[in-house]
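Listed next as structure tokens is one chain, alone, in the form predicted alone.
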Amino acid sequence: MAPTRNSKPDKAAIICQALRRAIIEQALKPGTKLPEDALGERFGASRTIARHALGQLAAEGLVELRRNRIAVVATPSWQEARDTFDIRIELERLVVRQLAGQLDAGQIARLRAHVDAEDGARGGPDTVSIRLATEFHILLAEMTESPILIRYVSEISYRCCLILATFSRPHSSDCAISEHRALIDALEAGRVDDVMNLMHHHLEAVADRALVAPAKPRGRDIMDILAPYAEPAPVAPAGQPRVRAIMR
């Protein structure tokens, strides 16, 4: 059967996904220019499609659209960063309040498997640890099955990755892993107040560890940076945790 129009790859979505992952993994630093023609060439898309993808990322706060159609990776101010974390804390307290005592054994196992993957990444690049830590929070939001919570937690988590790239300090994977395990234990036990407080302290600690000093700029050609992100994302093996919209 010939493919239908709906079965064709959504080039704009592919570009968005690749750029999000590149930003989360800090391959694209704040202030990096994102030329429409270079994006179109890298992903085999028109400049119009590339412009649409950049508009979507601008709506998510990851890209700034400047005069003369110049797009760059956003550079949040310190106050924007602080406000973002404050909003994220309240959103994710709501997530765990909904999930406490409501997760089945399979969901708890998926969460523990994801944290095991975080543990296995210790000693590797900080960017991988940051991505896995971000995916843990989005996985929690997905388990609420609330489209609104999934959307807003995902978007604000992406913004927090951008903040980590702007106000850089070595990522503390040991702290993140132990805090994630404590969250899972409280969720499984149904301790609503405890898990809400744990989430608050966990994200506050992430903010405290992150909001320190601006990162040093790094000069690389955008075509080279995006080369690995233009490839299709690998499919997770059966039984491994997957996160819906983000970047593996």
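The first residue of the sequence shown is number 1, and the count goes up from there. Predicted model only: the values in this text are computed from it and were never measured.
Keep in mind that the form predicted together with the DNA is missing from the display, and what follows is about it.
Residue contact with the DNA in the predicted complex: N197 places no heavy atom within 4.5 Å of it.
In the predicted complex, at least one heavy atom of R51 sits within 4.5 Å of the DNA. Among heavy atoms of R209, none comes within 4.5 Å of the DNA in the predicted complex. The closest non-hydrogen atom of H201 lies beyond 4.5 Å of the DNA in the predicted complex. Among the residues R42, R191, R181, R47, the one placing a heavy atom within 4.5 Å of the DNA in the predicted complex is R47. Within 4.5 Å of the DNA in the predicted complex, a heavy atom is found for every one of L34, D37 and R69. Residues within 4.5 angstroms of the DNA in the predicted complex, judged by any non-hydrogen atom, belong to 69-77 and to none of the other stretches in 69-77, 88-96, 147-155, 119-127.
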